[in-house]
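Presented below, as C-alpha cells, is a lone chain in the form predicted on its own.
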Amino acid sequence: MQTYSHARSRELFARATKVIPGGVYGHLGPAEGCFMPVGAYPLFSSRAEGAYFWDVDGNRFIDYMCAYGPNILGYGDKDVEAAALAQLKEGNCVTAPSPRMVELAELMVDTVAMADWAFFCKNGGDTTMFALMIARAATGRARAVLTRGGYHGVAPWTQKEGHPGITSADVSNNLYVEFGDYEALERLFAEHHGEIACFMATPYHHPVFEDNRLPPEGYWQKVRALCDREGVVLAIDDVRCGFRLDTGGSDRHYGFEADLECFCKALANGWNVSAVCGKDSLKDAAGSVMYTGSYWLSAAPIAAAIACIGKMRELGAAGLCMEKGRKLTQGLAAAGRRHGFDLRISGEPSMWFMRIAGDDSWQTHQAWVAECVRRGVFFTNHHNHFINTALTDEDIAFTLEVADEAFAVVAKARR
C-alpha cells in the first residue's frame, strides 16, 4: 500500500513559525509532541467532504478525529450548509439577534431531556465557564469540584497550577476527586460542607493519554442525590460526547438528569456555536450573570445548529455512531491480535480511546498510529476518536485493511 509524504505541509509550517507562535496552535502543533513521529502527519488541510479530509499535498484521509468532534453528519453536510448559507443571505452578525435564536432554544428544550432553557455561546470553554458562574450565582458559594484529569477547556481555572501562565490564584477554588469514586466525592462534600457551588464532570471520563472510564453502575444516581442533599449544582460537560451517546443528552444515556449541561462539538456540524441548557430552578441565576461575546448571536451558525439537530434526530445519529463504532473497534482489536498486539479499546464506541497494552513508553502505539496515518487513516496517539454518520462500511473495511498492514509493519520492526 502506498504511503503518503507531506512536503507542502512542511513548507507551510516553516512559513507559519515566522508569523504564528508555535506555527500551529496547541496540541495540533508539532511542538506539543502529540503527533510522533512528526513526519508521518499532515499539518494543513486543503478541503473536506463527508468522512474525509485532504491535506495540502493532495492526500486523502478517513478522518477519525472529525475536527476533534464537530463533524457528526459528514463534512459539508448539504442540509446543514444550505440552512447556514440561506441565513447568511438574510443576515449573520447583526445588532439585534435573529429569530433563529429563539427557534434553536425551543428546539434544544424539545430535544435535550433535562432542558428547560438554552443559552448560546461559541466555544466549549464558554459554556463550562458560564455553568460555573451560574452555579456560583445561584448558591453564593465559590468552590468547584472537578475530576482529576478532566478537561473543561483552557481558561485558567481549568488548567493546572504551574503550567505556563497559570497561578495558584487561578485554581484556588478548585477541589479534585477521582472520576467514579463516589465515596471520595461524599467525603469531599462533607469536608467542605456549605462551600461547594458546583460539581462538574464529563458523562464518562475521557482524558488524553489514558484509558477512558465509564461511570460505575449507579454512580450518577448517587451523585445526583448527593448534590440535591448538599445544595450543589450538578453540571455535566457534554461538549465532547454530546449527541454521540444520546440525542437527548449524555445524562439521559446514563439514566440521570443534570442541572446544567454544556454542548458544543456536534451541535452544528462544524459551524461555531455552543450551548448551555439548564433547569428552571437556575434560569434566574443564569439571567443575572453578565456573559456575552462579539459573535455569540451570529445567525448562520444558529441556523446550522437547527438543521443539524433536526437531521440527527431524523437519522438517529447517536445510534448510528454507536453501531459503526462497535464494528470498527472490534475489527481494530482483532487486527492487533493477528499480529500479537493487545489493542485496548475504552470509552463508548462512538467516541473511543485506544492504546497498545504493555507499551508504557507509547513508542509502539505511536509507531502503529503513524503507519495508519501514512496510509490514509487519520488517528491520533493521545486522544479519543470520533465516529460520524457519513462513515461507510467501505471506509471501515479500508481502515481495517490499513490497520492490519500497519500492525504488520510495526511487528516486523519490533522483531
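Since this is a predicted model, take the numbers as computed values, not measurements. The numbering used is simple: start at 1 and walk along the sequence shown.
One more form of this protein exists, namely the form predicted together with a small molecule; it is left out here, but the text below deals with it.
- The contact with the small molecule in the predicted complex, taken as any heavy atom within 4.5 Å, belongs to 153 out of 215, 153, 74, 207.
- Between the small molecule and the residues 180, 125, 248, 331, the one pair within 4.5 Å by heavy atoms in the predicted complex involves 125.
- Of the stretches 116-124, 103-111, 75-83, 223-231, only 116-124 has residues with a heavy atom within 4.5 Å of the small molecule in the predicted complex.
- Residue contact check for residue 261: none of its heavy atoms lie within 4.5 Å of the small molecule in the predicted complex.
- The shortest heavy atom separation between residue 202 and the small molecule in the predicted complex is within 4.5 Å.
- In the predicted complex, the small molecule stays beyond 4.5 Å of every heavy atom belonging to residue 324.
- In the predicted complex, residue 239 approaches the small molecule with a heavy atom inside 4.5 Å.
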